[in-house]
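Just the one chain here, the form predicted on its own, laid out as structure tokens.
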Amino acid sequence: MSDVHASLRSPLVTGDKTISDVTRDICAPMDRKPTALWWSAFGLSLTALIVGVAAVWYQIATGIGTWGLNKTVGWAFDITNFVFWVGIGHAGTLISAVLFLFRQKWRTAVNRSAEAMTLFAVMCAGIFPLIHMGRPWLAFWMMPYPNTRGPLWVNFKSPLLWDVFAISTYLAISAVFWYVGLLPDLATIRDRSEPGWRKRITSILCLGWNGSARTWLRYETVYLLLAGLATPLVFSVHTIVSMDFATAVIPGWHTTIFPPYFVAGAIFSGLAMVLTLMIIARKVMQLEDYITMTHIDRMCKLMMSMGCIVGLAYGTEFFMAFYSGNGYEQFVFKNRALGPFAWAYWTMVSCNVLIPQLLWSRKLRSTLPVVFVIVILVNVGMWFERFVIIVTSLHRDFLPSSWASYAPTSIEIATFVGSFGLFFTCFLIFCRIAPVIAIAEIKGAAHLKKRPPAESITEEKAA
């Protein structure tokens, strides 16, 4: 009966592959020399990273007066980028943990890249609060450890400190979840490698994996427990990030809709970034048989559903400001739509609400150039969402005499560019040293072609 149902669905792996074909195809990018396209992308991202490192070095040496902040707009590019990167990091755990618990087999082609993307995005996010401290070498003060400072402690009632614990926990669990999922594939790389440094390293990293039934049982138990532990973090981390704003008394921030609104927006932007990387990796690494149009179609549907929730949140914000009768709230939202930063607000609405509605069309969802343009615009729109929330709520204070504008300096822009350089440099290195698709998982989820036993054994030895 299961074979009948499988024949009615689009296959998760195309090309009439055998088990040995899967191993060979997914390991091929690690076996062959980097292409000119990979070197070009790596050189571009490394250049951006160097520019960012130079900008961070300069602003730490000089002080955060190098930013365009003022007495009214005390938060801007730094916190905007922080929230943006934390949001990008949400899709990895969503795809890996949540879809695993719901037994969605199509996740197997995208979960490995999404998990790696989570780690790199959280690394990028962590840069900005450290810089914003002004004295990043004192960041260890935020850790609750025995010390000689007596009663001098950080404010444990502050959501800014909750961010430290939530994001560090999220990073730790995500890293363990990603590494545990890699174990069977590391053993595969070990077994097919010639004697040398790669075989020695993978032999250590795979923790003695032998592929026995007992090993698989323990692996699946641990993986399930980690998925269950990681799932609440998808919702808790960005909920705590939203409290940076929601617990303030600033009009435009002080609202109870922020936690679910921020979580939906984080998943929305994360899915868009995963789709961006999937479409590029699919073409560059010749993985069209494994990242199929079925995967892209389902990711588009997920992203479209999150976009509708985000659009509902935008409308709810305006309705509650009107319904509250609070003049300050009404002014903030009128200023967002019609004030000096109206261009940013309508860019946000166009990219996050209007353009994703094109994905209702099956024809457009199956047209890769169109999907690629849409996900790029969603990434742009989600960055502008954080910028609009932060800057437009601050640049018009309670007193007109305190009103001020804001424009980013070249140092802030260079730091932002550097964060993208760090993200793509890490991702490109990851593509060279580890399988971008979970080999063991996709073998278990896909219906692969069966060959005669003798021929299969010969192929497995060759692979």
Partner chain sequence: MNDSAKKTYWKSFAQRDGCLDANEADPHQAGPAPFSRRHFLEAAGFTLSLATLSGCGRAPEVIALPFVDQPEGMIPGRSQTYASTCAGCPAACGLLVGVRDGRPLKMEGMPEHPLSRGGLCAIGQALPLGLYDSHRLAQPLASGKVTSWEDVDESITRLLGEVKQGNGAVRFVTSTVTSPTLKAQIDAFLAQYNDAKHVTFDAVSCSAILDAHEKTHAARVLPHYKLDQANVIVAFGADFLGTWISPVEFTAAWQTRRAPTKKHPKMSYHVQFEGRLSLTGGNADRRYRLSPVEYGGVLSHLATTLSMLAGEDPPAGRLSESPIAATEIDHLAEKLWDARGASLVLCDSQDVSVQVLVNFINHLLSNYNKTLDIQRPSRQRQGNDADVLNLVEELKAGKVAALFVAGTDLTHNLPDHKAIAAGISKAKLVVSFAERQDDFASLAHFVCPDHHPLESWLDAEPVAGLVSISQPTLQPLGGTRSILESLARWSGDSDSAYDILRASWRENVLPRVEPRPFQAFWDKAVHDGFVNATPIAPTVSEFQSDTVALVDAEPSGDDYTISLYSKVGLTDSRHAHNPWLQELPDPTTKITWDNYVCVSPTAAKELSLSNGDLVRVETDEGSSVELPTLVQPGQHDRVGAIALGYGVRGTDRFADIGPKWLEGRPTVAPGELVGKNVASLIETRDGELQYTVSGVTLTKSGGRRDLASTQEHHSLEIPRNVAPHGAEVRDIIQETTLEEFAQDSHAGTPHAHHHGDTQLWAEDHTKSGHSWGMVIDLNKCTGCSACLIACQSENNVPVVGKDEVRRQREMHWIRLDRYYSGAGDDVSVAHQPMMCHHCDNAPCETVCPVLATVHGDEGLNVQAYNRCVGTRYCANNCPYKVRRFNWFKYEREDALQNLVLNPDVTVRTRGVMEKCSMCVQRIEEGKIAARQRDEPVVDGNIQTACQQSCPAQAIVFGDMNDPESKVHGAFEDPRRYRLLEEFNFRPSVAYLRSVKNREAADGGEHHV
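Positions refer to the first chain, counted from 1. All of these numbers come straight from a predicted model, not from anything done at the bench.
Beyond what is shown, the protein has a form predicted in complex with its partner chain; the following relates to that form.
Q: Wondering, does K363 line up within 4.5 Å of its partner chain in the model of the complex on heavy atoms?
A: No.
Q: Hey, in the model of the complex, does I50 get a heavy atom within 4.5 angstroms of its partner chain?
A: Flag for I50 set to no.
Q: Y179: heavy atom within 4.5 Å of its partner chain in the model of the complex?
A: Outside the cut-off, so no.
Q: Would you please decide whether G43 lies within 4.5 angstroms of its partner chain in the model of the complex, comparing each non-hydrogen atom pair?
A: G43: no, not in contact with its partner chain in the model of the complex.
Q: Tell me, please, which stretch of 247 to 255, 179 to 187, 207 to 215, 345 to 353 lies within 4.5 angstroms of its partner chain in the model of the complex when heavy atoms are compared?
A: Among the candidates, contact is made by 247 to 255.
Q: Exactly one residue in D289, D297, D191, D78 has a non-hydrogen atom within 4.5 Å of its partner chain in the model of the complex; which is it?
A: Exactly one residue meets the criterion: D78.
Q: Of I429, I64, C27, V56, which residue is found within 4.5 angstroms of its partner chain in the model of the complex when only non-hydrogen atoms are counted?
A: By the 4.5 Å criterion, the partner-contacting residue is I64.
Q: Which of the residues spanning 356 to 384 lie within 4.5 Å of its partner chain in the model of the complex, based on heavy atoms?
A: Stretch hits: zero.
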